[in-house]
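This document starts with one chain, in the form predicted alone, laid out as structure tokens.
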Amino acid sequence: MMWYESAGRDNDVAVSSRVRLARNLTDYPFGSLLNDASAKEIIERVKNVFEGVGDYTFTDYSDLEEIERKAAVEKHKVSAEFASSKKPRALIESERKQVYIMTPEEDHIRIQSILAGFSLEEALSRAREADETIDGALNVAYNDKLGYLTHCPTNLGTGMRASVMLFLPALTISGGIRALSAQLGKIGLTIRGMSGEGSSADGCLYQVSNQITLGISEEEIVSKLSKITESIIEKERNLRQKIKSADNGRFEDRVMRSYGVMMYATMIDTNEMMRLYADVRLGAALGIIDGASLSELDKMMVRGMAANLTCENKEIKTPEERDRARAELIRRILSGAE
């Protein structure tokens, strides 16, 4: 089950949690110095480690169509860099554990676990389990002073990036995101759009993550990020109640209009879907709408992305056909037909 198909803790604000570990093998050059032959060797070595371990499966991403690779990015299973790479590459994954291992990415191995809701500790536990499997079988590059050696110096130390995807419409409406970004920067954290660095906050979705990986333990990173996330969740909830009580019915009208468009429009493009998603998800969280669960809306948002929609509907040939298929998918999900 993918993260967007279930409800997690505090999912009115915390949509998902992710922990990613960067690892390299001592026997091979890092980054752009890695040639295709070495990349294939790494893939085989990592594949062999996970053969017969749990329910991990192997997918050669060099053989996948571009639309399938883009769909995996939209689901946050793999990074955009991994999906677009021209090198040999593979994904080793356990959908039951929600653990995804990219090899090679910027580093030889990128392990990530992504779970629904506010689940950082569990995501760390699952990523660590895969990491220990690799560490017990392969020579992982490690230095007693610098920790895990990585292609990018900013990942030295734990090699860990932890993040929580947060739904922050009230902070967005109130103009509080800029101040929040400045505050987070002072304590070694950062806030970005829903797809990470350089992306926009479509649907009022933001990723809050750590910037510092050296001189701090994995537990300390998760603890610090968890405390800040709890504070952001509380602030967002308080602002939502203020918006609801002070709005004199205007926001409720906006939410219901957006819900009506979702239920009855015959064509919806991606940008409109994300605007509607933000309105209706906030309305559902505040009890204005009881006909849509938060997990249904998250499922609608991911499956309604262009690549995922096209993968589900192979007959789509034009943007107009895709917009019609998106509107139909939204109606089916909100009506409980899916």
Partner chain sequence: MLCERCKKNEATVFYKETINGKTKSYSLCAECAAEAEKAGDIETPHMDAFFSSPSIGGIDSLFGSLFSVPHYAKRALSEGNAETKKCSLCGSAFGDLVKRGKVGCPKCYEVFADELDATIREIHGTTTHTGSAPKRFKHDRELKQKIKNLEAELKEAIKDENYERAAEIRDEVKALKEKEEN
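Residue numbers count along the first chain shown, from 1. The model shown is predicted, which means the values in this text are computed figures rather than measured ones.
Note that the form predicted in complex with the partner chain isn't included here; everything after this is about it.
> State yes or no: in the model of the complex, is some non-hydrogen atom of residue 191 no more than 4.5 angstroms from a non-hydrogen atom of the partner chain?
Result no; residue 191 lies far from the partner chain in the model of the complex.
> Can you check whether residue 231 is within 4.5 Å of the partner chain in the model of the complex, heavy atom basis?
No, residue 231 is distant from the partner.
> Residue 92 versus the partner chain, in the model of the complex: is there a non-hydrogen atom within 4.5 Å?
Residue 92 lies outside the contact set for the partner chain.
> Closest heavy atom of residue 244 to the partner chain in the model of the complex, within 4.5 Å or not?
Looking in the model of the complex, residue contacts with the partner chain do not include residue 244, since no heavy atom lies within 4.5 Å.
> When you measure heavy atoms, are 26, 106 and 156 every one within 4.5 angstroms of the partner chain in the model of the complex?
The answer is yes: all three residues contact the partner (heavy atom, 4.5 Å cut-off).
> Among 57, 32, 48, 271, which has at least one heavy atom within 4.5 Å of the partner chain in the model of the complex?
By the 4.5 Å criterion, the partner-contacting residue is 32.
> Among the candidate residues 259, 118, 148, 251, which is the single one with a non-hydrogen atom no more than 4.5 Å from the partner chain in the model of the complex?
For this set of options, the contacting one is 148.
> Out of the stretches listed (206 to 214, 231 to 239, 263 to 271, 167 to 175), which one is close to the partner chain in the model of the complex, meaning heavy atoms within 4.5 Å?
Of the stretches listed, the one contacting the partner is 206 to 214.
> Taking the partner chain as it sits in the model of the complex, which residues of 106 to 139 have a non-hydrogen atom within 4.5 Å of it? Please list them.
Heavy-atom contacts to the partner chain in the model of the complex: 106, 128, 132, 135, 136, 139.
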